[in-house]
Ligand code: HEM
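Here we start with a single chain on its own, the form predicted on its own, put down as structure tokens.
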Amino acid sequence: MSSPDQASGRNGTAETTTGTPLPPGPSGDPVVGCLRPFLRDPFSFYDDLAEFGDVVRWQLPGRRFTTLFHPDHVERVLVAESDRFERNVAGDFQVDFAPEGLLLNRGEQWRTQRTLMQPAFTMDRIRSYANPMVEYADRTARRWDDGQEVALNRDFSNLTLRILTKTLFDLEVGADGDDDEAVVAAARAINERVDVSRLTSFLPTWIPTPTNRRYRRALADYRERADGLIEERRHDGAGGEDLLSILLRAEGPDGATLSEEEIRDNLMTFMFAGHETTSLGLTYAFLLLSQHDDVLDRLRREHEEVLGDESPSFDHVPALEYTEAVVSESMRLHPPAHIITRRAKEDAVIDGYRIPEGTIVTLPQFRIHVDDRFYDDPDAFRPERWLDGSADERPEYAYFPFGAGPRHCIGMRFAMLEMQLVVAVLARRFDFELLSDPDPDVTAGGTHRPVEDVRVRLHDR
């Protein structure tokens, strides 16, 4: 497949955009732009945008957007020319959650933090996380009983939070079966605050709407919780190799240490983003498995062949190819982080169209992942598509659940290992009878979160 950028001169700069047309797109209302259809249903709105082509221009009050629907454009924005498209989610959507953390900061601060944190995500460190992942998954299995009804999203939120805090921070958070309420409430409030189907997401956080009040209260509790965990680690000593110890004793090239705000905001960032997205990945994986007995049967055959009577371990993972395919396919259909935004730092030309400086560029995984130009039967749950060679024929960035380029998710290998091991533990022990909507409504917030709990009844095998 030829590259649209190649056909249009992909290296257009501010000096070469004069006379280049703006992209097509919906005209919208003269005052509020596309606000009404966008608020009505953001996901259907993106389907409508795709009718205009691969580069589409649209507006909301005070903001102009260009949405890109082709993998080649994703590669350009996130990889090839990432320095021309900056991350600016906080400024675009009035969010002040952990602004000094790795997720939201930029420039030299981001590069310094990313370099300092990298030792916690080397392959040797990832290997050391496998046993705790399996141990906590086993604890969840032991809590579950035959015939019990559970909300997968809630139980997996608890599980992934405990795994993350133990492996990355060497901390025990909450008790088995109990949520850490400050973290869970913050995750809920953050998603509500940035849910673009709500008009309040476009208002400054200082306006005292009910959503903003819940957000400010939850954020204050979350910061207090993070400060307490940091103080606990300082009291116990920060000589370990976990991420929190690394943050506490980190020094940059000039000998400068991280500020208190940077340490706290990074702890908050990883506790939110690191557990929320993985718990959603597991929720959707088991939601789909509960509806596809053929996939579950093949998955269990692999577990019998590879694991036998053993518990899964890091050394088993390379042979768990179908398990990885199940996880990849569930994230294709339900990417936990469903859309990436960037801001054009200067004029650019993409596919023959001008993207003016300051434009918010959106890259919708949830739409590109099911584009029938790149996937046969795109709405079907078919893990085999990751093993039959067809993945080699697709553009590389037709699938990017963890982002791409310099700012790809630092915890990508961590999350994939965790999901594969948890699936291998729980799918062997239980059948899952789905009690909820097989195609749940989801929020348009920071993550692709189900509006209602995903409930199943457990049956021992």
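The structure presented is a predicted model; accordingly, all values stated were derived computationally and were not measured. Don't overthink the numbering: it's just position in the shown sequence, from 1.
Beyond the structure shown, there is the form predicted together with the ligand, which is absent from this document and is the topic of what follows.
Though the partner is left out of this view, F314 does not reach within 4.5 Å of the ligand in the predicted complex, counting heavy atoms only. Using a 4.5 angstroms limit between non-hydrogen atoms, P336 touches the ligand in the predicted complex. Taking the partner from elsewhere, I410 is found to have a heavy atom lying within 4.5 Å of the ligand in the predicted complex. Heavy atoms of Q365 reach within 4.5 Å of the ligand in the predicted complex, making it an interface residue. The chain is drawn here without the ligand; in the predicted complex, the stretch among 336-344, 349-357, 141-149, 303-311 whose residues come within 4.5 Å of it by any heavy atom is 336-344. Of the candidates R87, R225, R233, R84, R87 is the one whose heavy atoms come within 4.5 Å of the ligand in the predicted complex; the others do not.
Residue-level contacts in the predicted complex: of L258, M268, A182, L102, one residue has a heavy atom within 4.5 Å of the ligand, and it is L102. No residue of the trio G28, F43 and A398 has any heavy atom within 4.5 Å of the ligand in the predicted complex. If you take 267-281 and check each residue for a heavy atom within 4.5 Å of the ligand in the predicted complex, you get T269, F270, A273, G274, T277, T278, in sequence order.
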